[in-house]
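Only one chain is shown below, in structure tokens, and it's the form predicted alone.
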């Protein structure tokens, strides 16, 4: 139960609903234990009055005695019916409080998980599979909700029923009660033994379900690649193997759970047999009446469902504990990137890297080694270099997807780690190398980072990104839904929509990470012409494999294995006849060939 203790804060939030629900449980049980007592009186009444009725045989009083006797039995019958109705009403109210409470907690828990997911860093998402994240926020939360609602409701109901019925039975006849309850300790030992098996197998099932979800998510996301490489059968076979593993684990758990019902019914049946046998002997001895036996048989039957539900509830709690353990593992993961609680400041665009060193936490790859450069407001810098030289890492550090190991990154002479994180990212227009579009309209994709902008600004951003003409040729123009990850658009169109998304924010700092790799030369030239005007008063860093001569860069940074190999203007670097000059010459030859 230690894992489920994380839910205590939600119980406290809905404590009044929970307490009212417990009250309804108690009231429903009060009206459930009264009918056996009424039936006991009715049973004894029938037994005693039949003898008196026979004594009046042949007398006129016999008919009157029969009339009184009938009305008394009718009164008992109406009383039992009324108590059953009242019990049903309170059971309905019990469900309306405890089950509804579980739905509210499920809502809060899922929202808290989703909010926590938003705070976790990029490194966290690289370490964990998307399917596993989805499984914990859906399947695991559902299993926890089953504990919060039905499991707790039946647990409270079982406890109250066992206490009230046992107390009344002891008050009626302690000896008979002791015999009736004799099988219950064996039931407790059986439950204790089986709990560990259920818990272990529940965890295995949840882990396998998470794996299946991850496989399905990756398959659907990469379906085009799977088809292109004709790997459908291989994927079906792999999924079938993992599904078969899940089936075997589930069947093993079902076999274990199947032991509960017959075992408990057997023990309850033994209690009924003991009731009739021991009770019958006491009736013969005159210790109790035959009505007491009827009452005890009803009480034993009342205990049947609470005792039988122990197995079901126990299994539910065990599975919920396994799920909550998985949920806690993520909820207890602190964000690597923390925003200081200070006010947002308006950035001007002065940027400085001072001896910055960074190693990726998961791979331990040293991406940057003592990198230093300075950009003043409005200056433009291109970063070039081979693949893996650390170009994209600079952009990742500027938007604080990661924090540096050594050195400093200063924006307007302020340490980037001391700036309000939301304000920092809001004032940087970032176009990542890996373009991502949401399954939404083009209009909403462009306005994603600035939902307050109007239609005119969105269209102008599309024109600056040279994607406007493509959009107006679509059936619904800016209202066209692009599909999951922008699947209905070409690679170049997705890059340009992503560029428009950054431009529409009008940020003081713009980061373009190889965002024109999928566009043709003519489109690229049109974009660069727009960018030359757009970037006039903005600080910009363009990360690229190409060399753009149409943008007048104030600095060009050449990275080699995470270090600054060369830095200067286009003319200065050509004069050095080094890495940059060699790269420029190769590109020039390719374009003229």
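Computed from a predicted structure; not experimentally measured. Numbering follows the first chain given and starts at 1.
Just so you know, the form predicted together with a small molecule exists too; it's not on screen, but the next bit is about it.
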* Asked: Closest heavy atom of residue 493 to the small molecule in the predicted complex, within 4.5 Å or not?
  -> no
* To do: Could you confirm whether residue 473 comes within 4.5 Å of the small molecule in the predicted complex, counting heavy atoms only?
  => no
* Can you check whether residue 135 is within 4.5 Å of the small molecule in the predicted complex, heavy atom basis? -> no
* Please check if residue 417 has a heavy atom lying within 4.5 Å of any heavy atom of the small molecule in the predicted complex. => no
* Would the small molecule be touched by all three of 2, 16 and 99 in the predicted complex, meaning a heavy atom each within 4.5 Å? -> no
* Heavy atom within 4.5 Å of the small molecule in the predicted complex - residue from 250, 111, 433, 272 -> 433
* Structure fact -> Exactly one of 118, 241, 363, 343 comes within 4.5 Å of the small molecule in the predicted complex through a heavy atom, and that residue is 363
* Heavy atom contact within 4.5 Å of the small molecule in the predicted complex, the stretch among 389-397, 448-456, 346-354, 272-280 -> 389-397
